[in-house]
Ligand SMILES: NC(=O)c1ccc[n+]([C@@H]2O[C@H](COP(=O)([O-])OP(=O)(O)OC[C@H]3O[C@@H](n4cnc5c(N)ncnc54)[C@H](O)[C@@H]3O)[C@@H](O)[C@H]2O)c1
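Shown below, as structure tokens, is a lone chain in the form predicted on its own; questions about how it binds or moves come after it.
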Amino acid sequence: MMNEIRIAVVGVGRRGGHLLELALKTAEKINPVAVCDIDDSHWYKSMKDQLPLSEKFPDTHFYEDFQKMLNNEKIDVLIVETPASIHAGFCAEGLQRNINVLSDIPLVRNYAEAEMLWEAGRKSQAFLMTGANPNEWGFIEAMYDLYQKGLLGKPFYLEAEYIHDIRYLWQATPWRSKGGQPIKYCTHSLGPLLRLLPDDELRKVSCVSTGAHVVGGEGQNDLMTAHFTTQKNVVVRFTASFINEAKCGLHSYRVFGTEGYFERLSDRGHYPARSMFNSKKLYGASKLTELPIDTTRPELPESYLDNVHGGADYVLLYDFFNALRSGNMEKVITLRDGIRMSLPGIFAGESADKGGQIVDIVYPWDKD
């Protein structure tokens, strides 16, 4: 059992800084010993009229060299908040040094990274928790509670949509303007749904793309849709669009079960987001019933809800530190969970490149 927890953060931009500050609110005896970033302005300059992190954490050492930080500091926890495409290497390095890791999503960008990270996790005396905050949204927790109580029965068809026009970010983050395949950024959508399929893997996928219609950029995919099937013949559909004129919210989900149904529709203009369900197993709930919950976790104090994730980041950190101190891993979103929600999008992109051809999805543990 740990007493003081010495943490370091790699990638200390807006989100990395936010998690560093939130960590100190989440658990006692947290010691932020070091941070690392290739841009020292993230540490030394103020952001949005706030004090720079260097003044908020005067005893924390700043590094531009990740290896130097690991060599110089004694670290119990590494928080990985680098850009989405470069998580795996930092995570593996931490695990190889027996440092516990909390990593943002997606965990990997290709199958080779998944194999490498899985092997690092197997050999490590530490553990990795996947920072999948969508898994912790209030309405997702409600959906999971309905499932655990048997009110949905066995899910047999699930779907999710991630509709987000991010052209406004092209100037601040130019790499986004190069298009790519939005279907690969699937963790926000597949992660919550896979909570309902704990013993079933996504095994086949067919994915198609609209190509570039809206702005016509080379290599861009305005919208992509994938159909996955599991080894137990459950169908999962996922649509992702990051260039569009849809003026709606970002995330929608639907679950068809043998005993009931759940859906969360994102906001539509002046119509707010709604979460609804019905169930044959609950008296009085045979008709679609609205649930008084959305992203926010209602059980949390107001002071933990001052970010767009409605307290989900707090829940992640709380469960992570609790696992470190108590050894209870029940609430941990594991390395395996993270790979399960990351790899299917990579294979979906491969299918799209082949014109929608069905592609088999494999996982590193298939060899075990």
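Please read these numbers as outputs of a predicted model, since none were measured by experiment. From 1 onward, residues are counted along the sequence shown.
Not pictured, yet referred to below: the form predicted in complex with the named molecule.
Enquirer: Taking 4.5 angstroms as the heavy atom distance cut-off, pick the stretch from 256 to 264, 85 to 93, 153 to 161, 280 to 288 that is near the named molecule in the predicted bound form.
Expert: Contact criterion met by 85 to 93 only.
Enquirer: Would the named molecule in the predicted bound form be within 4.5 angstroms of a non-hydrogen atom of every residue among E136, L193 and R297?
Expert: Looking in the predicted bound form, the three residues E136, L193 and R297 all stay beyond 4.5 Å of the named molecule (heavy atoms).
Enquirer: Name the residue from Y185, F127, Y147, W118 that puts a heavy atom within 4.5 Å of the named molecule in the predicted bound form.
Expert: Of the listed residues, the single hit is Y185.
Enquirer: Just one of C36, L335, M341, L53 has a heavy atom within 4.5 angstroms of the named molecule in the predicted bound form, so which one?
Expert: Flagged contact: C36.
Enquirer: Can E113 be called a contact residue for the named molecule in the predicted bound form at 4.5 Å between heavy atoms?
Expert: Looking in the predicted bound form, residue contacts with the named molecule do not include E113, since no heavy atom lies within 4.5 Å.
Enquirer: I'd like to check something about A352: if you look in the predicted bound form, is any of its heavy atoms closer than or equal to 4.5 Å to a heavy atom of the named molecule?
Expert: Contact with the named molecule, no.
Enquirer: Hey, in the predicted bound form, is G11 touching the named molecule, heavy atoms inside 4.5 Å?
Expert: Yes, contact at 4.5 Å.
Enquirer: Could you tell me if I105 has a non-hydrogen atom within 4.5 Å of the named molecule in the predicted bound form?
Expert: Yes, I105 lies within 4.5 Å of the named molecule in the predicted bound form.
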